[in-house]
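The chain that follows stands alone, in the form predicted alone, written as structure tokens.
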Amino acid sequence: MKSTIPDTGVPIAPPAGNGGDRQEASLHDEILLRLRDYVVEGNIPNGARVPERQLCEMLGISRTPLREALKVLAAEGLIELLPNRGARVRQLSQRDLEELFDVMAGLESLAGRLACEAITDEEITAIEQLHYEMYGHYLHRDMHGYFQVNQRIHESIVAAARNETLKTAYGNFAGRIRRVRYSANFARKRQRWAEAMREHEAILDALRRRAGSELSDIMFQHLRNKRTAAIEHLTEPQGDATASP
């Protein structure tokens, strides 16, 4: 009996050799992507238990694939697995945020400097295209699309640094602040979303000119500004944050 990928209607045939393995992997990736977005976008409160039954119904899956996806999110630092008690969304203190964003600022600053030494014209063109795609999401107030492309830009700059140790360290920390990095765009006091867009214009300009020292400083300050906005959003009284940036 055939099943479908949730919300897509795409049929999934029963496993059959390598083809079935590929389809199973594809379904796993789809579940993981949707679940990660659901957590990152704040649909479960900080520190709250993950509602497994509700998520199984939403995704149209059983507990087993859900729990496999939760293990991945735990490894990324988005959630915590509780022995024999399910999982909960990881809650970061203000001090946690300060330390994590400072580490990420240092990593992205180094990535910007190294990328300017090694990046190709084709890679710059690809990042430019992502930038304009992100700007389109910004104009349409599509935070989901904006954030997805935004992360691809940062990851592309890290990849262009040609440093596997840096890339691994970046990956280890990125998941832990992905949720608050998303929510920081909603901080009212500084209208962070518009500010971040202007900073990305400066990032692209420095990258085009391969101005490594300049890009390093811009990337560091970009993450510092994001840190401040994330803490502001964290400490905003309930109900003060706007529904859209």
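One-based numbering along the sequence shown. All figures in this text were calculated on a predicted structure; none of them were measured in a lab. In this text, the rigid core denotes the largest set of C-alpha atoms whose superposition between the two forms falls within 1.5 Å.
Only in words, not in the display: the form predicted in complex with the DNA, which the text now covers.
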Any idea which of 169-177, 154-162, 138-146, 83-91 reaches within 4.5 Å of the DNA in the model of the complex, heavy atoms considered? 83-91
In the model of the complex, the one of A69, I61, V40, I218 near the DNA [non-hydrogen atom within 4.5 angstroms]: I61
Contacting member of L204, L27, I44, A196, with respect to the DNA in the model of the complex [4.5 Å, heavy atom]: L27
Contact of G212 with the DNA in the model of the complex (heavy atom, 4.5 Å): no
I'd like to check something about R208: if you look in the model of the complex, is any of its heavy atoms closer than or equal to 4.5 Å to a heavy atom of the DNA? no
With the partner left out here, if you bring back the DNA in the model of the complex, are G106, R113 and E117 all within 4.5 Å of it by some heavy atom? no
Output the sequence-ordered list of residues from 91-115 with at least one heavy atom within 4.5 Å of the DNA in the model of the complex. none
Is it true that L81 shifts between this form and the one not shown by 2 Å or more at the Cα, once the core is aligned? yes
Once the core is aligned, please say if the CA of G212 is shifted by at least 2 angstroms between this form and the one not shown. no
Distance change of 3 Å or more between the C-alpha atoms of I31 and T168 in the model of the complex: closer or farther compared with this structure? closer
Relative Cα spacing, T168 and L66, in the model of the complex - shift of 3 Å or more: closer
